[in-house]
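Let's start with one chain on its own, the form predicted on its own, as structure tokens.
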Amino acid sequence: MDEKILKIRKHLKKKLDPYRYEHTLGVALTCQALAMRYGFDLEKAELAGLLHDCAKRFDGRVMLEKCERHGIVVSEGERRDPSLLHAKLGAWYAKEKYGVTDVEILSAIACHTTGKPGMTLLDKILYVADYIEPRRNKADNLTEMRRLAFLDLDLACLKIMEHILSYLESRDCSIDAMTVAACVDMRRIVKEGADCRLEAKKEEMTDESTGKRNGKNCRRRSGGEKRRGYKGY
């Protein structure tokens, strides 16, 4: 195992409460599994998973103060619910305290709570892994999401976003605008993907149909020529 990963694990074990640390390891493992499925760098996926909650040891008030002190932009939704800030603050800690400079990793950590429009593959991997990791047990759609995550990552992202929004609305909780924007964008991506697959299927069926007709005509012509040749002979 990479020495840097080991050092981060040891440090996090000291800083996070036992439940949060176990959750972190579960997310890191799930990130690696999804990275294998979708052909992404395993080490980068693991690092994103390990550090995604590194700032969650602080309460909301402290996170808000730290974000303001370090010049991290805070939205109105985040001011209403400062717990959301652990993602942005976590990205800052990953860079400034743990020496992570990879922009893909920092982006995934920064948006793993709300999502965002234009999510990268690693953004999606971490977002989904945080929801489905093995120690999660409260969401009523976990079994389906765990299955779907390895079949269609975009659709899994969308279904998770829709479920979270529905849950927040049912509890009359504050909803961050970024979560809504992310869901709208993911819905567009999923629809475009479905349209592309449908178009490809139509073209495939047309090609097969054309090939069958051409093959049949060729066989008829070939047979006719043989009969004419035999008669002439």
Ligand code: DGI
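The first residue of the sequence shown is number 1, and the count goes up from there. Please read these numbers as outputs of a predicted model, since none were measured by experiment.
This next part talks about the form predicted in complex with 2'-deoxyguanosine-5'-diphosphate (DGI), which is not shown.
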(Q) Just checking whether H86 would be counted as a contact of 2'-deoxyguanosine-5'-diphosphate (DGI) in the model of the complex - the rule being heavy atoms within 4.5 angstroms. (A) yes
Q: With heavy atoms only and a cut-off of 4.5 Å, decide whether L29 touches 2'-deoxyguanosine-5'-diphosphate (DGI) in the model of the complex.
A: no
**Q.** Contact flag, K124 vs 2'-deoxyguanosine-5'-diphosphate (DGI) in the model of the complex, heavy atom cut 4.5 Å
**A.** no
Q: Find out whether any non-hydrogen atom of I164 is located within 4.5 angstroms of 2'-deoxyguanosine-5'-diphosphate (DGI) in the model of the complex, and reply yes or no.
A: yes
**Q.** Stretch in contact, per heavy atom within 4.5 angstroms of 2'-deoxyguanosine-5'-diphosphate (DGI) in the model of the complex, of 34 to 42, 181 to 189, 48 to 56, 63 to 71
**A.** 48 to 56
Q: Consider the chain as shown here, without its partner, and state which of R136, R79, R146, K97 has a heavy atom within 4.5 Å of 2'-deoxyguanosine-5'-diphosphate (DGI) in the model of the complex.
A: R136
Q: Sequence order please: the residues of 29 to 51 with a heavy atom within 4.5 Å of 2'-deoxyguanosine-5'-diphosphate (DGI) in the model of the complex.
A: none
